[in-house]
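Just the one chain here, laid out as structure tokens, in the form predicted on its own.
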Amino acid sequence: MTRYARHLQDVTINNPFPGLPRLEALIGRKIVSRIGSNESMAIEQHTVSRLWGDALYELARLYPDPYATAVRERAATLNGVTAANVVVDAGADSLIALFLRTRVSPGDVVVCTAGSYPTFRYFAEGVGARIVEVPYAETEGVLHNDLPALARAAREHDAALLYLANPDNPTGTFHRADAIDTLQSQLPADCLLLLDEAYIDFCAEGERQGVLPNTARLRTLSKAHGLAGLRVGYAIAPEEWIAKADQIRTQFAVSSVAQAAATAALNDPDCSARLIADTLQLRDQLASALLQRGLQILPSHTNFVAIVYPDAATALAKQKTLLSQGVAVHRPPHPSMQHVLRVTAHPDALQATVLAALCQA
């Protein structure tokens, strides 16, 4: 039996406002007049209309589809699954919080890598989880998630959930699909694998399709589709997990504007392909420039490059130098990873002053 958070296990929660698309499906016809939602009527020369046009104003004026049906259906098609295997929320971060709420009760154990994407711990603490961290493994100088150790920790602590970013953030390293399958098979039967694939579009080896058992695969339109400010993401999971997550998901978290932009982006894969290709070219140029200057970098399967310095003090000094120039690079907050700087593949990263600051003694 699929295990959810204890208070959700034997409860079905019904959405009181399922939205017009579901109403239209129920009655078998189009709604032509929206006079039941208490939305404001349109007025001429609204501020939003004057600044950004009537189309944006009309989207902003109306409540969104609570189930983001168009985004859900397009994401399902792209990934070779059904719409019942997809849930849409306000970015990958909101999906992390959603699945933690769906599976984890206060006091339950969750497992992750020490120093991995810190938002997971932030949300896990918020649901009252006990967090067990496993150190990164190091192979020939490359930091990567230690999958066997993560699986052992999940079994030893009878974990409710295991979080894995793949490709990883902040290291940029990647485990192939067969390794993920092995990991999932080694977890306790009722342990949910929360597989954060926010950077999968930049990974040539990445397996982008399919539903994995007892696994929620998280995707975002922030990176490869250029919509970070609109906050749209989706998860692929078995139907029972999607149905339960839908019961507790904030109904209108993804705005009409965000849904329209996401649908347009997913309907235009050539645009994403151009962005990915340009990003990979910049990433390779950045990696080459850093290597030529004698820095230690990690192999990246993402849109950034991680630089490994001898110690945290050195990394901090580089970061402060760049900040004094008005340039922000990321230094992970976890104590075990503060000797690393994460630099986005962007034209600004190739500026001579930036490269000099990253490399200077």
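Note that the coordinates shown come from a computational prediction; the quantities given were computed from them, not determined experimentally. Note that residue numbering follows the sequence shown and begins at 1.
Below, we turn to the form predicted in complex with a small molecule, even though it does not appear here.
Residue-level contacts in the predicted bound form: of V71, L161, A198, A216, one residue has a heavy atom within 4.5 Å of the small molecule, and it is A198. Taking a 4.5 Å heavy atom cutoff to the small molecule in the predicted bound form, the contact residue among R283, K223, R121, R249 is K223. From the list 72-80, 89-97, 172-180, 287-295, the contact stretch for the small molecule in the predicted bound form under a 4.5 Å heavy atom rule is 89-97. Annotated contacts: Y117, A165 and R231 all touch the small molecule in the predicted bound form [non-hydrogen atom within 4.5 angstroms].
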